[in-house]
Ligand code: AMP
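One chain comes next, on its own, written as structure tokens: the form predicted alone.
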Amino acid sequence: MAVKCSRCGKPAVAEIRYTRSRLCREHLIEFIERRFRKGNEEFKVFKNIRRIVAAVSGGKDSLAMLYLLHRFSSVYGYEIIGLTIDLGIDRGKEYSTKSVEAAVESFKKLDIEYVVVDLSREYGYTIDFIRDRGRRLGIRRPVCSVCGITKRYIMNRFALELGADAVATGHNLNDLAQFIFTNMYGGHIDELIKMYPKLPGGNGFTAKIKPVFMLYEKETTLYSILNNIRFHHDTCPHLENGIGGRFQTAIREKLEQLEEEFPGFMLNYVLTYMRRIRPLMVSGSSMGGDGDGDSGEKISVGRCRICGMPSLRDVCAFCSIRSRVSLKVSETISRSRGD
């Protein structure tokens, strides 16, 4: 016997255990969209936002975010510009190629203006190149750290050049639960405070928003499937090889096990942190806020002498990576010429 929707009696397509409901396609989409609106309105994510750069990787989370942003753009009064980055990750799977294709397909389908940044062509290296040769170049950071620095730099620079009010990323509820736990464990207070749906701009940084922060990974997946959104399914090959960190993977698995045993655990965990714990941390740290759902760095930030972007050091982390890659390329050219 088919399981029926708790609201209308039609065949249910999924069970939402933390609300003790089974929903049909129509009511599940409605439920997800309502949670999207509720979370963003509670934390005033779209206040004073008129132009958003939607950073889309081609995966289920960022594409669900894109469609939800598009769905409610007229309600909240913002325009969307799409951004996807070809990171040059292959490993025999054409990972980046397929990711970019999925992102571009949705940009076109929704008639959203977009830009594709080719990391190799624009900046002279790929993430695969860093994985294979980074150590020999003196780059001590893990490849996933380099990837994160690269993406954040490009997103911020692109948004500033376009005069955007915010960069939107597809971090879901599972992501935030993991980040909060990990940073709390490590005592990284400034990083912990950044775990919030909206961080304002300033000091050369564009505001950052996480519009799907109230949605579980399962919900962004279902939303994408039910709306016939083609997304790239594969996991990044560098994560598959264990480079992303076994500790992070273990934390996520444990949190998801708790969610399975106690439905709604991750939602309550994240909201308790945001509503009750974080405000106390902000009031006693160097990270200030305006009392309206925002919090951002109040420390003085200098400028990178190479690119002019904000940096706490003379040369920003991104330009430091590029400089080491450029030096290697120059040495290779010199050797080939017999200089």
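All residue numbers refer to positions in the sequence shown, first residue = 1. The structure presented is a predicted model; accordingly, all values stated were derived computationally and were not measured.
One more form of this protein should be noted, the form predicted in complex with the ligand, which is absent from this view; the next part is about it.
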message: Just checking whether residue 55 would be counted as a contact of the ligand in the predicted complex - the rule being heavy atoms within 4.5 angstroms.
response: yes
query: Heavy atoms within 4.5 Å of the ligand in the predicted complex: does residue 155 have any?
result: yes
query: With a 4.5 Å heavy atom cut-off, would you call residue 169 a contact of the ligand in the predicted complex?
result: yes
query: Even though the ligand is not shown here, does residue 232 get within 4.5 Å of it in the predicted complex, heavy atoms only?
result: no
message: Given the stretches 274-282, 308-316, 55-63, 24-32, which is the single one in contact with the ligand in the predicted complex, using a heavy atom cutoff of 4.5 Å?
response: 55-63
task: Name the single residue among 180, 83, 164, 215 that comes within 4.5 Å of the ligand in the predicted complex, judging by heavy atoms.
output: 83
Residue (of 87, 159, 130, 266) lying close to the ligand in the predicted complex, criterion heavy atoms within 4.5 Å: 87
